[in-house]
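In structure tokens, one chain follows: the form predicted alone.
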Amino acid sequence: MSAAASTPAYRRLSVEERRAQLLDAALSLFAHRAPEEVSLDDVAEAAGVSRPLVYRYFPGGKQQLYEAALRSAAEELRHCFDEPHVGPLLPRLARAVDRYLAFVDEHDAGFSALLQGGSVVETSRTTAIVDGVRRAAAEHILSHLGVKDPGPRLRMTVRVWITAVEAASLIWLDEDKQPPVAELRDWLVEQFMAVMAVTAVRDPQTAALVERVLSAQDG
């Protein structure tokens, strides 16, 4: 076999493919290091390109690249709560939490940098991106509850639980991923029913939902 035949043919990447390549490299770096610790040179090296090429696609510099990477991560997190409306609620919720925790596990130490904020590159736009994930997750759960017009107490309960899931995930990373992920998932699902039960005492709408969910589990 000739040297020419054994050498892979060079293929120029399209604009979309190059942008995706740079975002993947940035996400990989942001997943394990705080944004302020990642430079454009780091991203260029990880992607195997020159620094000017990174600037060509992200002329706003690291801030623009970070926001684009954050949007990409946020979109992935939103999909964690995509689940067919089939079968009892709690197994559906458990599968969604499984995907969420898998994302947390994959991004490891960078999860707080991507979602918790507190970075020197945090802006109102990055805060809005993160809050959009929380709101989307809450809307997914309300849709699984089958409620067309949720009252304020029910909406607040679901959003409080979403916040608890995020906080528990961050603490789980601090605790060297203990307890085991399956145990954490089950505990979070049980927490969902616990906060729903507390709200049910004061809210007839939530009380009816809790009764329906428990009846489906028993059935």
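Throughout, we count residues from 1 along the sequence that is shown. Source: prediction; values computed, not measured.
This next part talks about the form predicted in complex with another copy of the chain, which is not shown.
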{"item": "Heavy atom of Lys62 within 4.5 Å of another copy of the chain in the predicted bound form", "value": "no"}
{"item": "Ala168 within 4.5 Å of another copy of the chain in the predicted bound form, heavy atoms", "value": "yes"}
{"item": "is_contact(Asp186, another copy of the chain) in the predicted bound form, heavy atom dist at most 4.5 Å", "value": "yes"}
{"item": "Proximity of Asp41 to another copy of the chain in the predicted bound form, heavy atoms at 4.5 Å", "value": "no"}
{"item": "Segment assignment from 171-179, 27-35, 54-62, 41-49: heavy atom within 4.5 Å of another copy of the chain in the predicted bound form", "value": "171-179"}
{"item": "Residues within 4.5 Å of another copy of the chain in the predicted bound form, restricted to 79-94 and counted by heavy atom", "value": "none"}
